[in-house]
Ligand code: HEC
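First comes one chain, alone, set out as C-alpha cells in the form predicted on its own.
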Amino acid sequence: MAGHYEMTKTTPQSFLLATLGGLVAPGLAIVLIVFYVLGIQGGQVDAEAAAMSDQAVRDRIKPFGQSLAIDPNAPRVERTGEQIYNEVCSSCHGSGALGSPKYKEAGAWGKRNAQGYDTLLTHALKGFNKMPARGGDPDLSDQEVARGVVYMTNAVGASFEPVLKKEREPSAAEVAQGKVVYAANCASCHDSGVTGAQKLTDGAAWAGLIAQGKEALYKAAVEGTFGGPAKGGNEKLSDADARLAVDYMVDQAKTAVEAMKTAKK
C-alpha cells in the first residue's frame, strides 16, 4: 500500500521569513558593490581648491601659441649691466654652464680679466668657444653687451668702463651725399613720421637707436628692420647709399637728442 505524506501547511509568517531570507544575500552584495564604487570615486576626487582646479582647466585649454603685440617703432629702452646679467648672462654664468666662469668667482675670472677689456668685449660680442655671440640674445645692443661684461668683471676686482670703440665720423661731404639719398628715398616717411617711422626731430625715438651703434643701423637700413622696408623700399638703392642715408639721419637725429637732454635739465 502506497505511503501517505502530509505536506506542512505554509503560514503567512513562514512565507515572509523565507522571502526576507532570500533577499539578504543579494541585498548584502548590492551594498558591498555600492561601497566599493564610492571608495573608488573618493580616491579619484581632486583635493585641490576650486581656484586651483579652475586654473588647471584654463592651462589645459589655453592655445599653444600666444600673440604678443610689440610696437617695432617704440623707443628702445637700454638696460643696465645688472639687468643684462640677470636676464641674459646668468643662465650660464650663474651656474658655470658650458664651462663659463661663475659670477663673483674670482679665480675663474682672474686670467680672463688679465686679457683686458677690449678682448673680453670682443669675445662677448662675437662669441668665443662655447659662448654664443651676445650671450645668445641677438637683440642686445653693443652698449648693453659692454655693460654686462663690465658688471661681471668689476664684481671680481676689475675697474673697466662700458665704453665702445669710437665710431668713424662721416665727413661733411658724405653727410651731404646722404642728405640727397635721404630726400629721394627716406624723407617721405621720416620727415612726417608716417607708417610709424622715427621722425628726425624726435629725440626720444632716436636715442635708443643711436645707442645700438652705427653698424646696427646700417644693417637695419639695408635689410629692413625697426618696422621699415629694406633700403627705404627702393630695391635699386646700393648698400653704400643706404649707409650714407643713415649717416645723414644719425647726424640730424643727434641734434634732436641733445636738444631733448637739454630740455630735461
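Residues carry their position along the shown sequence, with the first being 1. Not measured: the values here are computed from a predicted model.
If you look for the form predicted in complex with ligand HEC, you will not find it shown, but the lines that follow are about it.
Q: Answer with one of V163, V180, L98, A106: the residue that has a non-hydrogen atom within 4.5 Å of ligand HEC in the predicted complex.
A: Of V163, V180, L98, A106, the residue with a heavy atom within 4.5 Å of ligand HEC in the predicted complex is L98.
Q: Heavy atoms within 4.5 Å of ligand HEC in the predicted complex: does R134 have any?
A: Yes, R134 sits close enough to ligand HEC in the predicted complex that at least one of its heavy atoms falls within 4.5 Å.
Q: Does the 4.5 Å heavy atom contact test between N129 and ligand HEC in the predicted complex come out positive?
A: It does: once ligand HEC is placed as it appears in the predicted complex, N129 has a heavy atom within 4.5 Å of it.
Q: Heavy atom to heavy atom, is N185 within 4.5 Å of ligand HEC in the predicted complex?
A: Taking the distances in the predicted complex, the answer for N185 is yes, it comes within 4.5 Å of ligand HEC.
Q: I'd like to check something about A253: if you look in the predicted complex, is any of its heavy atoms closer than or equal to 4.5 Å to a heavy atom of ligand HEC?
A: No, A253 is distant from the partner.
Q: Judged by heavy atom distances of 4.5 Å or less, which residues of 228 to 264 approach ligand HEC in the predicted complex?
A: Residues within 4.5 Å: G228, P229, K231, G232, L237, A242, A245, V246, M249.
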